[in-house]
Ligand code: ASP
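One chain is shown next in structure tokens, namely the form predicted alone.
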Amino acid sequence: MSVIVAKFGGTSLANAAQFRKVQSIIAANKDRCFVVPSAPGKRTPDDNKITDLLYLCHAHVQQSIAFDEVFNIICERYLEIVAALGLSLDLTPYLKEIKAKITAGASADYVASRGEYLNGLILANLIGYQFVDPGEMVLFNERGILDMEQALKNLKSPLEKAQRAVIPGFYGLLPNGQIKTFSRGGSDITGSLVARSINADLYENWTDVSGFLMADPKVVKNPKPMQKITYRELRELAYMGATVLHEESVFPVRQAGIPINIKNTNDPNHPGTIIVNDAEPQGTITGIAGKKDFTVIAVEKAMMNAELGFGRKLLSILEANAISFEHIPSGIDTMSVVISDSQLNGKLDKILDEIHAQCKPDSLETHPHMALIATVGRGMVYTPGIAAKLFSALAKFNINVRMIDQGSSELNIIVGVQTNDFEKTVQAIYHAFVE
């Protein structure tokens, strides 16, 4: 028998009707032995995610504001799901305990994690699987970094004994016994850990889309789906803004060669997108993704290449100000640093002053309102003329390219353009290669 780990996102478990769909999906394949649920997501565009409401409860307590009204909305949502499913499960004691801990000043991570915890209890009761709390096994170190090796060891034995289990996503435990959550979307990571710990044959990630699309449908009309993509391509696209799957979730399963299948809960027969270690190229490019809101700091100094430690001095200024960079395009006498605006956060003037003082450049300029677009594909390295085709397409649309960067693996080409050219750039690249 094969073993499949199935992770279901917030929209897949937003209400009782969605729970029924999940129940049917699990029942349709006896190999779906382990299930990882997220907290209930939005039922409608103007609805609230349970996780957001839980964070709001914590914020209210921090500001000495009553949170009863918000918490009642949370309770009603869960109780409504249980009643509509006709379960005998009594969530009242759990809800009372959670409210008491929020009142007593529980951490934001504990409060937020209860969304997955409660959904896990409901789903386990619905499908008759054992409930396994990851807070006892998924461990973080003192700095809040996942201890993957220990988590895998801790999960293996109880899951093998359970044979069929529901494991809530999104959270684990710190050495001091406090709950620690992953970043948003972190249930994907829990699913990946579960899959690796029991050496699953497949990790299914069920969401509200039928896999990855070659471009953002908000930017490109009806983009084609990706049938197969490699982990390396996924990392590049996820980093540049393709957010169907949490980018850190690939590491545990990639090391074990476990494929990931992105599937749609609302269209379970669609094949979705399969993510694998290696695959033959199916076309010139695999996908296009990008992000806005970058600033480029351009440094120019004669004989820069002959000055030992120049790059180190420049980057140490960023490090001292707790700023990470995205890219460093450079020339013989020039070096540019691309930084996300969220990293700068009011520090730009201070950084420029320090660069003047320590690096003594001949010229120092900033270029705000930049966007980065990555064209990714394992087939690019085998196809001559890719760059020419890409830049010809941008020239045809009168797009001024401010920066060019290509990785040593030749898996992607990144261009920097003005933010107001972002959509036009993605569309130009897509039409040149796909249509």
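Position 1 is the first residue in the sequence shown; the rest follow in order. Every value quoted in this text rests on a predicted model; they were computed, and no experiment measured them.
The same protein also has a form predicted in complex with the named molecule, omitted here; what follows describes it.
Participant: Between the options Pro158, Gly135, Gly311, Gly186, which residue brings a heavy atom to within 4.5 Å of the named molecule in the predicted bound form?
Facilitator: Selected option: Gly186.
Participant: Looking at Lys49, His60, Arg32, His369, which has any heavy atom no more than 4.5 Å from the named molecule in the predicted bound form?
Facilitator: Filtering the options by heavy-atom distance leaves Lys49.
Participant: Just one of 387-395, 61-69, 33-41, 370-378 has heavy atoms within 4.5 Å of the named molecule in the predicted bound form; which?
Facilitator: Within 4.5 Å of the partner lies stretch 33-41.
Participant: Phe170 near the named molecule in the predicted bound form, any heavy atom under 4.5 Å?
Facilitator: Yes, Phe170 is a contact residue.
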